[in-house]
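Next up is one chain by itself, shown in structure tokens, the form predicted on its own.
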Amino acid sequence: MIVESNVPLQPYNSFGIVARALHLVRIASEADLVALHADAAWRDAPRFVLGGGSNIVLTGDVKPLVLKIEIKGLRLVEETPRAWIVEAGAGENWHDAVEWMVRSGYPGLENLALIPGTVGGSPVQNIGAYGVELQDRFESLDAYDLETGRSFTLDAAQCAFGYRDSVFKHVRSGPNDFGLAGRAVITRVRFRLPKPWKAVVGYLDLERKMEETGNFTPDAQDIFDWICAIRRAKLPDWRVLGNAGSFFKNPTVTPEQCADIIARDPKIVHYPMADGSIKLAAGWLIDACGWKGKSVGNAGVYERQALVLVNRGGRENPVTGGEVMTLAKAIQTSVYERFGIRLEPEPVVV
């Protein structure tokens, strides 16, 4: 285990924000976590877990010890008549892992193609897109407790998945609280990919693809390719135009609240949820407030998708975390003043 000092973090965050880690250690295996816990110099130091850096906004240099998760590995753990169980290391690139599964004949995650980040970050955020959420395909995960130095395994119920939420996003506030934010490091994730496979194509963009291609019985590879094309047409490549993907969660409201908004704005994009609530499209709300294409300093709202905030300064004159958050707060204020809805950011602000 080697602890590096004064490490530039611009290459490790998809916004391309300039910041440094005062100290950083690369975690390539569970053994590195064990060694870290055994090292008296670092055992009790504050820590920050960094995966793909696709869901963070850095507002300055990171003083806690940065744990850069680089655990690799992809394998079929088990095959039953009802499912494939596939395991991936937390440091694997999410999109690459999805592509490997589809091409290897283990379909089920194709709707989540091209989401930036790592496998280890997927259960933290309970990522979702185009009708599929991680919790729909989740089997279990392994993690390491930084406080006790013990490894443990969690199933879906223990992860307490919610909309873009999990136990890993909550800090433990008492002896009976199981919050794991800042305490646990995910090392491996296992997915249950159901048999027989069924295509999830209930979203308008996918219905359009079926109409365009005349393919009304797509296989998993077709859906994977369609999702990649759809996302590339709508969303910027973070390697070209820095961003953190969808910046705000889609808010949910009661049917009564939705009806009130529809009375004032009939074109609002909304989706009924299984629990009776209504999900509103945050991007539509932001666009309706006139933010698409606008900027604050080098932080801007993407011209093709108002839900995405981007780095207009590039790598040479990059956006600051302060500019990103100033823009985000201005958008939140506008949406609240017009619709009475408080938008909640998805990225972690550091």
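Predicted model only: the values in this text are computed from it and were never measured. All residue numbers refer to positions in the sequence shown, first residue = 1.
Only in words, not in the display: the form predicted in complex with a small molecule, which the text now covers.
When the small molecule is considered in the predicted complex, Y271 lines it closely, a heavy atom lying within 4.5 Å. P218 falls outside the set of residues with a heavy atom inside 4.5 Å of the small molecule in the predicted complex. Residue contact check for W284: one or more of its heavy atoms lie within 4.5 Å of the small molecule in the predicted complex.
Interface membership of N298, defined by any non-hydrogen atom within 4.5 Å of the small molecule in the predicted complex, is ruled out. With respect to the small molecule in the predicted complex, the three residues R164, S246 and Q305 uniformly fall within 4.5 angstroms at the level of their nearest heavy atom. In terms of contact with the small molecule in the predicted complex, the residue from I261, I278, L235, L146 that brings a heavy atom within 4.5 Å is L235. Proximity to the small molecule in the predicted complex, taken as a non-hydrogen atom within 4.5 angstroms, holds for one residue of R47, R312, K292, R26, which is K292.
Between 183-191, 82-90, 152-160, 125-133, the stretch whose residues reach within 4.5 angstroms of the small molecule in the predicted complex through a non-hydrogen atom is 125-133.
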